[in-house]
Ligand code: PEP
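First comes one chain, alone, set out as C-alpha cells in the form predicted on its own.
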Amino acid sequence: MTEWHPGSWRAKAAKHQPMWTDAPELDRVEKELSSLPPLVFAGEARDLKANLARVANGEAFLLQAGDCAESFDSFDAVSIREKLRVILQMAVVLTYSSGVPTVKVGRIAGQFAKPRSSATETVDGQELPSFLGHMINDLAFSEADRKPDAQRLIRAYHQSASTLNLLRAFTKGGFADLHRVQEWTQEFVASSPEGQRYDKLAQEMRRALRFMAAAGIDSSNHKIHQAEFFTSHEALILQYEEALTRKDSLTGEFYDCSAHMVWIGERTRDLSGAHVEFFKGIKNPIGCKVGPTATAEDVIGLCEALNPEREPGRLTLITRMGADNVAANLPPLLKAVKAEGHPVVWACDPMHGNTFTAEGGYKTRDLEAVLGEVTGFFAAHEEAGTWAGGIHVELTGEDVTECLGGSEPVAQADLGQRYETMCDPRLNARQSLDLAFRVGELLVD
C-alpha cells in the first residue's frame, strides 16, 4: 500500500473541480500558498477535536453556522461581527436551554467554493461555466468573469487570514463577554417576538452572574469573558487544501491548516474519490455530508475509511435529508453506525434538503420545513437511543429576505426586497433565533 501524503489525492478522480486552463499559473499559486504561514494551528484543531469528543459522548452540542458562500465583494468588519453576534446569541440560547456547553464552529474564513449541480449555465443562448464561488470565478455572467482564475486562491487565503484576525479580536477582546449578552441584540432583532424572548433570557443570565459575584463565586473564568470559536469550510478545491497542509512539529502528523475543521460535501463523498483520499490522512476533526441517497453501507464505509481508529471527535456526520425524508432515511443510518460502535458526532443540516424555487425564480427555503427536519432529526435519535449532537445551518447577521417564514414572516412576495446571497438562501438573524429556541426546546423535551 502506498503511504499517504498530502498529494495522494491526485491519483484519484476529483469531482466538482474547476476547469483550470492555465496549468503553469495554478502551479505557481500552489507553490506560493505552500510558502505562506498556516491560517490555524494544529493545537487549535486538537482542541476542537477534544470538544467534539464531548459532543460525541452526549456531553455538549455542536452549533456550526455561517454563510453559504463568503464574498470578496462584501467583506468588512461589520458583516463579520454581525454574523458572529448571531452565532453567539444562538449558542447562549442553546446552552441556557440544554445545560450543556455549545461548541461554536463557523462556516467562515474559507467558505469560498461551492459545488454546483451543473458545470455550466445558459443565459440568453450563451453557455458559460457555472459560478463556483469567489475562490474560483465571479458571479457576473461573462466569459472573463466565469473563467477560473488561480490567483483567486491567493486572495481567498488573505481574506481568510483577515477574517480570522477579526474573529480572534472579537472573541478574546471583550465582545463575547457574557456580561454583555443583552448588548448582542441588533435593533431589528430586538423588535421581534424572538428577540424579546432572547432579551428575557439575557436578563436572567445577567441576574445569575450578579448572584455569583455577590455570593463570592469566582466569575473570573475566561469562559465567561471570552468565547471559544473555531472555523470550518467545505474542502472542495483540493489544490488549495493540499498547499495549506502542514506537518505538525510536535506530533509529526499532517493537519490541513486552512481551517480547524473541514468537511466533504454530499457530492464528493465517493469512497474511491480524491476527497475521501485527502481526508484520510489529515488529523483535523472532519465532517461529511450525508444525503437521502446514502445507504447504511455507504455510511459505515465512510466511518471506516475516515476514522478507522474510532477516535471520538474525529468524524462528524452531517445529515441533510429534507423534512419529508428524515423520518424514513435517518433511522437505518443511526442503527447501523451504533451497531458498529463508531463514535461519530451526528449533526443536522436542515437547509440543503429543503430548497425550492419560489414564484419569481428565487431559490428559497421555508423555516417551517427547516424546523420540521430538525424535529424529525431529534425524534429519530430519541428512538435510536443516540445523541442528536448538533445543527449545521446557513445564516447571516444581515436583515435579508431569502428564506420564508419566521416569527416575523417573510412571504414569497418579500423575497426580492433583500435577496443578497451569491448562492443559497440564508436565515436572517430573526429566523436564526427562531431556530435556536426551537432546538433548545427539543434539547430539554
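Residues carry their position along the shown sequence, with the first being 1. Keep in mind the model is a prediction, meaning the values are calculated, not measured.
Not pictured, yet referred to below: the form predicted together with this ligand.
- Here the chain stands alone, but in the model of the complex its contact with this ligand, taken as any heavy atom within 4.5 Å, falls in 344-352 among 344-352, 306-314, 154-162, 168-176.
- Of the residues given (Arg85, His134, Arg320, Arg146), Arg320 alone sits with a heavy atom within 4.5 Å of this ligand in the model of the complex.
- The listed set Leu39, Val400, Cys68, Ala60 contains one residue whose heavy atoms approach this ligand in the model of the complex to within 4.5 Å, identified as Cys68.
- Contact between Glu234 and this ligand in the model of the complex is found at the 4.5 Å heavy atom cutoff.
- Taking the partner from the other structure, this ligand in the model of the complex has no heavy atom within 4.5 Å of any heavy atom of Gly372.
- Residue contact with this ligand in the model of the complex: Tyr198 places no heavy atom within 4.5 Å of it.
- By the criterion of a heavy atom within 4.5 Å, Gly301 is excluded from the residues contacting this ligand in the model of the complex.
- Annotation for 281-296: the only interface residue with this ligand in the model of the complex is Lys289 [heavy atom within 4.5 Å].
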